[in-house]
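Next up: a single chain in structure tokens, the form predicted on its own.
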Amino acid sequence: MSKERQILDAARRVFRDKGYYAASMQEIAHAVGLQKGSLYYYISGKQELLFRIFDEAIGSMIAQLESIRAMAVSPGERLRRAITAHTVAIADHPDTLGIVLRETRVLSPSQRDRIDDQRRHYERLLESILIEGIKAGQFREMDPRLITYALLGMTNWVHRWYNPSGRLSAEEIAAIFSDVLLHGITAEGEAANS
């Protein structure tokens, strides 16, 4: 593993445990066995570390979603795979995604613009799956942007409560989320009686 990778991984852990403001470059240097001054050979400062963590995490999720989006399967299956990929990514990397969801305000305006562009691109990819499903008659008419926000709201909080030792795996949680999104929570036959 490269020293740069070790530094990014250590920064994730320190930012997760302490928060961005309380984290120090000294702690990050200590975690990778460097003198604080040596960190600056690899990185310009704490803000750049944070930006690179964001950029890498969101870029990886976009690449995965673009791959799912291109699959020759039904919109419903693409949506299931997208929900699973998103949920598993958050469950597997709670430190990274927790930072991404909490700390964007500390980025520079240009860094924040790049991250916001990436988020919007990710949201549009999800929305396009819903739009295709509506056009194909697989999903009912609805507001695809609102459903996209609902999907992200449901999955993004996994980093706060998911326990890898808990009773459900990330994949099982994603399957439940998919079922709720695609079928709702009303028991069969109950909708007509309500």
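This is a predicted model, so every value here is computed, not measured. Note that residue numbering begins at 1 and tracks the sequence as displayed. Each form is matched to the other, and the largest set of C-alpha atoms that superpose within 1.5 Å is called the rigid core.
The same protein also has a form predicted together with a further copy of the same chain, omitted here; what follows describes it.
- In short, of 22-30, 64-72, 39-47, 137-145 it is 137-145 that has heavy atoms within 4.5 Å of a further copy of the same chain in the predicted complex.
- Highlighted residues 150, 173 and 185: every one comes within 4.5 Å of a further copy of the same chain in the predicted complex, counting any heavy atom.
- In the predicted complex, a further copy of the same chain lies farther than 4.5 Å from every heavy atom of residue 14.
- In the predicted complex, at least one heavy atom of residue 105 sits within 4.5 Å of a heavy atom of a further copy of the same chain.
- Proximity of residue 128 to a further copy of the same chain in the predicted complex: non-hydrogen atoms within 4.5 Å are absent; the residue sits far from the partner.
- Contact between residue 10 and a further copy of the same chain in the predicted complex is not found at the 4.5 Å heavy atom cutoff.
- Once you line up the core between the shown form and the other one, the Cα of residue 177 stays within less than 2 Å of where it was.
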